[in-house]
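Starting off, we have a lone chain in the form predicted alone, written out as structure tokens.
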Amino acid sequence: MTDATLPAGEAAPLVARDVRLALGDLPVLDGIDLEVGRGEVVALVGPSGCGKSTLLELVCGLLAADSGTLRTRPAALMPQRDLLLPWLDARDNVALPLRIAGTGRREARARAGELLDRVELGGFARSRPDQLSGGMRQRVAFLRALATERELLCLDEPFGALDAITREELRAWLSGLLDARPRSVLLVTHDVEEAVLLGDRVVVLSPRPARVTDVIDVAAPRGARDTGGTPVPRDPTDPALVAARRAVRDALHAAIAADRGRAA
């Protein structure tokens, strides 16, 4: 296994080649090939339990692969549960990675406050997690990941625990935030709609042990703005998105059918 931090001149913040991993006797990843380009959002979809979250943990250095090549810039992980520290207010939760990195308390709080202001949460800077709605908590958790200033963000079903309306609002919010502050993103989601609304490419994984069975390019551009300069999320009725949704669903069904055929 070759595992290294990419040099500053490397174009792709994440490059994985033939990455394999087993947890004990259980094969989880079976020769993963994957790239995330600079400023690109790549969505990972696949059947439940196929190894999507495990792959994120590997990219973030929480696990080591058994074989293959993995080269990545330092990455920040946002898990499905927000994991905010209940004894800290929103500002100090956002500031936490800055404090861990050695930034002084005053500067860390100032930078965290600026981030909260940008997403209209400045009025809740002194609120603790139990005083925030689920959507607010997820915004704070995302800002905490963003505060690390790491180019690669790994998001593990960040909206999966939210109701449908809040999830839709946060998709639009995240899309606008990434347009304003571009980062490379590896997004795990079980929601095909979410994958094509946020992703530049959608990578389809097989049932465990995970293999890449298809890669669908999402032709609809990101970064559109209205006449006032405000970022506008993608339109779900855009023919390019409709076609991408169909292609992803077809690829998922094909991957599951192929796996059942092998098992039989």
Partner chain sequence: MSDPGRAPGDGRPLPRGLRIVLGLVGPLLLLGGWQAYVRLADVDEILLPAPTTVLAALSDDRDLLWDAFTRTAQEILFGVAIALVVGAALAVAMHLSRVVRAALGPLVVGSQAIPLPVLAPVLVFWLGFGLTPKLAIVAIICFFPVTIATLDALDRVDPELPRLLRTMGATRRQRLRWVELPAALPAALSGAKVSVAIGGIAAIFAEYAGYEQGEGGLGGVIQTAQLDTARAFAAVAILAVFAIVTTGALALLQRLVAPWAHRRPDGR
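Residue numbers count along the first chain shown, from 1. Because the structure is a prediction, the values reported are computed rather than measured.
Form predicted together with the partner chain: not shown, discussed below.
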Exercise. Answer yes or no: in the predicted complex, does the partner chain come within 4.5 Å of a heavy atom in every one of 57, 62 and 150?
Key: yes
Quiz item: Which residue among 192, 170, 75, 146 has a heavy atom within 4.5 angstroms of the partner chain in the predicted complex?
Solution: 75
Exercise. State the residue from 182, 113, 160, 79 whose non-hydrogen atoms include one within 4.5 Å of the partner chain in the predicted complex.
Key: 79
Exercise. Using a 4.5 Å heavy atom cut-off, state whether residue 119 contacts the partner chain in the predicted complex.
Key: no
Quiz item: Taking heavy atoms and a 4.5 Å cut-off, does residue 91 contact the partner chain in the predicted complex?
Solution: no
Practice problem: Could you confirm whether residue 136 comes within 4.5 Å of the partner chain in the predicted complex, counting heavy atoms only? | Solution: no
Quiz item: Taking heavy atoms only, is residue 86 within 4.5 angstroms of the partner chain in the predicted complex?
Solution: yes
Quiz prompt | Partner contacts for 91 to 109, taking the partner chain in the predicted complex and a 4.5 Å heavy atom cut-off | solution = 96, 97, 99, 100
